[in-house]
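Shown here is one chain on its own, the form predicted on its own, set out as structure tokens.
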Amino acid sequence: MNHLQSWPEPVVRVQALSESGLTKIPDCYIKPATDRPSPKNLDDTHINIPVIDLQNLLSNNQTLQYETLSLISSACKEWGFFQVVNHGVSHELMKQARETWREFFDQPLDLKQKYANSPSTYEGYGSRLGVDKGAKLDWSDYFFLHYMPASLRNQSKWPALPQSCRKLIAAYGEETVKLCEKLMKVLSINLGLGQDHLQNAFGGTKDIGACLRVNFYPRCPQPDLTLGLSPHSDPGGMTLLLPDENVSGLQVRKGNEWVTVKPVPNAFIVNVGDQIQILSNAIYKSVEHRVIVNAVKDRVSLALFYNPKSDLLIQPIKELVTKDRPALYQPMTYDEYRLYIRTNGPCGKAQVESLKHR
């Protein structure tokens, strides 16, 4: 772990670059021509990821219940992404969480620097993923913190300002974790397993991991040359994203195209992570996604990562392994697994593919 103790070069805050008034971005943010967003990708107004109303899961009407389960199942298999509405999390809490984090990023740099992170845990205020010297960087800053397990929850590492921040993080964490538990039951039922099977494969509810990464994507003078976040699939179990409602930025790979997600008001964007792809023996897919940036507006989004107990061996669930569909992946703990992205940064689907049996 020694190579993960410090960043390989001085960390530059992207927000500070953006606010300096520069007209050309530094070379380290310019992506190779093949990785840049194309005009076609930037504005595809006809397609969107599925939008699913969770209200019907609680309905006494079994047909409506079944329809909702079926929609989620199709979305997990065909897209790896979907939006949920009527999910039970307070709209006011969602709004306050977004506003509070925007206030955090609007503070003077020296106040934010008190929370500067290192690659050993990533906790705190950061501006890069991966420790390769001279790597191409993404046009974003972030704040990363642990919410669960409770043993890792350290409020002194959470922002003290704005004053509402720590209280809101706790309330937001509690509500979003509950929603993840509800969705885990749905995914488990859809796999033909008992409703708690997938949760138990994560290590139950007490020892799971839940981390919050708040992304800040500053305005960029040359958005066609860079990305806010490079293509990757999420290494964890499931991600619950609260997007910026005013500016689109998330793009999901569909075949050879990038589809720009259009956020629905008061919705969360849900996506399957690599650990659920492994546990489901690739019945569900974690899908590559990336973030584009904007020349006029900055964006804030909150990603809640819901992960297995970190030292638990994750491998295809035995009930989903058959003669015709043998186990596709080798066992690995999530602790080992996430070292890859922390060391190398976002690398498409390279990591989960590397676990496949040869």
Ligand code: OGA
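Just so it is clear, the structure is predicted and the values come from calculations on it, not from any experiment. Throughout, we count residues from 1 along the sequence that is shown.
The form predicted together with the ligand exists for this protein as well; it is not shown, and the discussion that follows is about that form.
A.B. asks: Looking at heavy atoms inside 4.5 Å, which stretch does the ligand contact in the predicted complex, given the options 172-180, 156-164, 71-79, 207-215?
C.D. replies: So the stretch in question is 207-215.
A.B. asks: Which residue, Lys254, Lys112, His232, His146, is the contact with the ligand in the predicted complex, using a 4.5 Å heavy atom cutoff?
C.D. replies: Exactly one listed residue reaches within 4.5 Å, namely His232.
A.B. asks: Taking the ligand in the predicted complex as the reference, which of Ala97, Leu241, Ala201, Leu227 has a non-hydrogen atom within 4.5 Å?
C.D. replies: Here the answer is residue option Leu241.
A.B. asks: Within 4.5 Å of the ligand in the predicted complex, do we find a heavy atom from each of Trp7, Val12 and Lys31?
C.D. replies: Looking in the predicted complex, the three residues Trp7, Val12 and Lys31 all stay beyond 4.5 Å of the ligand (heavy atoms).
A.B. asks: Closest heavy atom of Phe305 to the ligand in the predicted complex, within 4.5 Å or not?
C.D. replies: Yes, Phe305 sits close enough to the ligand in the predicted complex that at least one of its heavy atoms falls within 4.5 Å.
A.B. asks: Indicate whether Val272 is a 4.5 Å heavy atom neighbour of the ligand in the predicted complex.
C.D. replies: No - in the predicted complex, heavy atoms of Val272 and the ligand never come within 4.5 Å of each other.
A.B. asks: Is Leu250 near the ligand? Define near as a heavy atom within 4.5 Å, in the predicted complex.
C.D. replies: Close contact exists here: in the predicted complex, Leu250 approaches the ligand to within 4.5 Å, heavy atoms only.
A.B. asks: Would you check, heavy atoms only and a 4.5 Å threshold, whether Leu312 touches the ligand in the predicted complex?
C.D. replies: Contact with the ligand, no.
A.B. asks: If you look in the predicted complex, which residues in 284-321 sit within 4.5 Å of the ligand (heavy atoms)?
C.D. replies: Residues within 4.5 Å: His289, Val291, Arg299, Ser301, Ala303, Phe305.
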